[in-house]
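Here we start with a single chain on its own, the form predicted on its own, put down as structure tokens.
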């Protein structure tokens, strides 16, 4: 298919652009295969380049022959175009609708994008499972790399290489895979060096109504326990939902077959419930006419902060079991690709200082989201404005990033990255020139040949010129476990995402710059103090030598 077939009117003059925080500007609107571009002949006017894949929905209005298109973006921005001529307006609108909803992944911009920067590091090979395993291999010999899923034959949503207990062979893993939802047998997510406890994750067991069991599954899970120790199974569904799953062939671990494990149900919402929550929240944030009571009731009705609280509470429970009780954990919900990954990732941010660095956090996203099979292509297909909702769309990753921001806000000196880093990840998960978030799992990415045909987001982010934008000036390495508060009073609306286009951040940006300047000046003064101390010490030493007989 040629893009030209979808573009009915490639160019229109005298289009008026209205967007947040910029004065209205008149210019020429151009449509390309991947971008909507508006350029003005006025000096010092920034051009608008908008990826079609960033467009969530459009509305059309007409007053006489003047047409207006309101573009609602996946990054929550709203842009208005006033286009002279009804036919041109209708043509532009239908072209945008067609170009923003392309079915084929290979027609998306990452397959056409050619970087203008020098690639210093290939992001596709920056966080390989073998490298991650080396970090554990130095402290324990109880785990091994398994290549049982080499051709994605055992589990289509797992990577080719996984970390499993040393005592469990590949044949046993194949049997366990038939007993777990989607073939997602328990694998290592995190090893706690302080006491050797671990977090594992998997899909639900397929016990069904007959109480089916699998000896190999029981052996695999028990292989992670120390002698005389108990473990906890954190099921991210309510007991009621877990019991209902048995009627569909799913279920949960029976105490009789897993006597050393205690099961805890923590209800975390998923799918359309989260999508509806996002829609209500964004709607509340965009309505500037609210009274105080109405705003607070709409914020509460969205339930967004309630979801944040549920996820953070469960992550804190996991971290507590690992660090304070010395107990290992298995986490799963139904598929093990959504709430399971939220909880496992956040527990690591609480427990592990490395996950709070830029590269450590990138490794976490790569390992616990991309390689772990979170279906980004499905979940991030639409954002808060699209009306034709599919049942698989859900802001699971955005919720996770919001939870990280909540912790970052409570521990502003313990993270090497800043809020801009999290917002950048949100934007690229929904629309990007990079191939990192394309596809639903490693198997799909392999078939699409993304490593050969697209650029990795990490290749761009990890260049020194970009890293400086995402580095937290307050960062001081903290080797301790951090315990965030999950009290309702401690959780706040993430203004950097949800109010970004409604309220100017000019003064906050100025304050941030001033803070950076103060920190830099402080470093300079500290360096001068250290130099003067050294000089003083040298002078005192010289005096001592001269005075000695």
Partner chain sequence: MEHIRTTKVEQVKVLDRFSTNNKSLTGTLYLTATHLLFIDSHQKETWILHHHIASVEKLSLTTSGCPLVIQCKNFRIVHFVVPRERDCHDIYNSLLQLSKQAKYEDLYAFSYNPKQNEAERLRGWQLLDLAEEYKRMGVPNAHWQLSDANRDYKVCETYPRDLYVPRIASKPTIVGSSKFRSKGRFPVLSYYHQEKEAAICRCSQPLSGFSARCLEDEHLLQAVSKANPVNRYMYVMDTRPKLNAMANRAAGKGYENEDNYSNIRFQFVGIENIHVMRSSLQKLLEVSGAKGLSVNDFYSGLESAGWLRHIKAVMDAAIFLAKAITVENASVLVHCSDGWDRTSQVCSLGSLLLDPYYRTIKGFMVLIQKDWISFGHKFSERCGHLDGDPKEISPVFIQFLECVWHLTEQFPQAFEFNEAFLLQIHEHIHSCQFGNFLGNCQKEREELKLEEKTYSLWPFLLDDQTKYQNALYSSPPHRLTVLEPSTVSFQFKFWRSMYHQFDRTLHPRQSVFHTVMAMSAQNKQLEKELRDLESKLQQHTNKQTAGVLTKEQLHSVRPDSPALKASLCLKEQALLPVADALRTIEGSEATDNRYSDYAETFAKAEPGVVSLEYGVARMTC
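Keep in mind it's a predicted model, so treat the numbers as computed, not measured. Residue numbers count along the first chain shown, from 1. Heads up, when I say rigid core I mean the largest set of C-alphas that superpose within 1.5 Å between the two forms.
Keep in mind the form predicted together with the partner chain is missing from the figure; the text below concerns it.
Partner contact region in the model of the complex: 259-267, out of 259-267, 166-174, 440-448, 360-368, criterion any non-hydrogen atom within 4.5 Å of the partner chain. Of the residues given (80, 209, 101, 478), 478 alone sits with a heavy atom within 4.5 Å of the partner chain in the model of the complex. The single contact residue among 86, 467, 413, 247, judged by any heavy atom lying within 4.5 Å of the partner chain in the model of the complex, is 413. Taking non-hydrogen atoms only, residue 309 approaches the partner chain to within 4.5 angstroms in the model of the complex. Looking at residue 295, you'd find a heavy atom of it within 4.5 angstroms of the partner chain in the model of the complex. Using a 4.5 angstroms threshold between heavy atoms, residue 95 stays clear of the partner chain in the model of the complex. Interface membership of residue 154, defined by any non-hydrogen atom within 4.5 Å of the partner chain in the model of the complex, is ruled out. Residues are counted as partner-facing when one of their heavy atoms sits within 4.5 Å of the partner chain in the model of the complex; in 485-521 these are 485, 486, 487, 488, 489, 490, 491, 492, 495, 499, 502, 503, 507, 508, 510, 511, 514, 515, 518, 519, 521, in sequence order. When the rigid core is held fixed, the Cα atom of residue 18 travels less than 2 angstroms between this form and the one not shown.
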